[in-house]
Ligand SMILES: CC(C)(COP(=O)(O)OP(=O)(O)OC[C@H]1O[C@@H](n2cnc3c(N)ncnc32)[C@H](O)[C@@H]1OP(=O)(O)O)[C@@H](O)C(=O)NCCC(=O)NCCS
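Only one chain comes next, encoded as structure tokens, the form predicted alone.
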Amino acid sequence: MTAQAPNYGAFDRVDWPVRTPRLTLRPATAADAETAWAWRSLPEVTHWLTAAWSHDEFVRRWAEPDRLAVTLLVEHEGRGVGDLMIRVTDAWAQAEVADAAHGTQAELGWSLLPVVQGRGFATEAVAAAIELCVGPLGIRRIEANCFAANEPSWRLMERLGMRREGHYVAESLHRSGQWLDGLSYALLASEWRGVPPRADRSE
């Protein structure tokens, strides 16, 4: 039951930029590579990401059309402070009903500048991504994954009402050489209850 290729035209349905009380979200561009490198090159960020690249390789990969098509830049007071991934895909379906599953599922991912963490920006940004999914993107099921040891990420997902659906034992090889557990979370559009109270007090 494997999902089909991402729907790279999904962002065309959104009226950009999207604003939250403190943040602005917009589609990333190739020119944002240097901005993103400010956090994507930091050890505390790359520890959990597949991003162990040189500066030049990062800039090249950031500018790839397939990546830009699923990446948003998160800005605070005009400064880039993070990025979001919203990868819209088709849900698995039997052949007879495959058309009804087109573009109904999305995978989320995120990274933020460490100096702004602890202020609820991640919660606010990911909540905005969920709002986009259940709103203009018309997504019925949202998914996200992380290492089980990445507690801030899975706590954020739980704070936003996402449900833990899988705990996979020693399923992912980390660059440290260790096989680590993984977690998968999901949320149906019908389950979304909005940004949790006091979202500005925690990450």
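One-based numbering along the sequence shown. The structure presented is a predicted model; accordingly, all values stated were derived computationally and were not measured.
The same protein also exists as the form predicted in complex with the ligand; that form is not shown, yet it is the one meant from here on.
A.B. asks: Taking the ligand in the predicted bound form as the reference, which of Leu112, Cys133, Ala127, Leu73 has a non-hydrogen atom within 4.5 Å?
C.D. replies: Comparing distances to the ligand in the predicted bound form, the residue within 4.5 Å is Leu112.
A.B. asks: Given that the ligand is left out here, which of Val169, Leu173, Leu49, Ala31 has a heavy atom within 4.5 Å of it in the predicted bound form?
C.D. replies: When the ligand is considered in the predicted bound form, the option within 4.5 Å is Leu49.
A.B. asks: Could you tell me if all three of Gln117, Phe121 and Arg155 have a heavy atom no more than 4.5 Å from the ligand in the predicted bound form?
C.D. replies: Answer is yes for this spot.
A.B. asks: Pick from 156-164, 134-142, 173-181, 53-61: which stretch has a heavy atom within 4.5 Å of the ligand in the predicted bound form?
C.D. replies: Partner-contacting stretch among the options: 156-164.
A.B. asks: Does Arg13 reach the ligand in the predicted bound form if we count a contact as any heavy atom within 4.5 Å?
C.D. replies: Close contact is absent here: in the predicted bound form, Arg13 is far from the ligand, nothing within 4.5 Å, heavy atoms only.
A.B. asks: May I ask you to state whether Asn150 is within 4.5 Å of the ligand in the predicted bound form, using heavy atom distances?
C.D. replies: Yes - in the predicted bound form, heavy atoms of Asn150 and the ligand come within 4.5 Å of each other.
A.B. asks: Report yes if any heavy atom of Glu44 sits within 4.5 Å of a heavy atom of the ligand in the predicted bound form; otherwise report no.
C.D. replies: Contact check for Glu44: yes, within 4.5 Å of the ligand in the predicted bound form.
A.B. asks: Taking 4.5 angstroms as the cut-off for heavy atoms, does Ala69 touch the ligand in the predicted bound form?
C.D. replies: Close contact is absent here: in the predicted bound form, Ala69 is far from the ligand, nothing within 4.5 Å, heavy atoms only.
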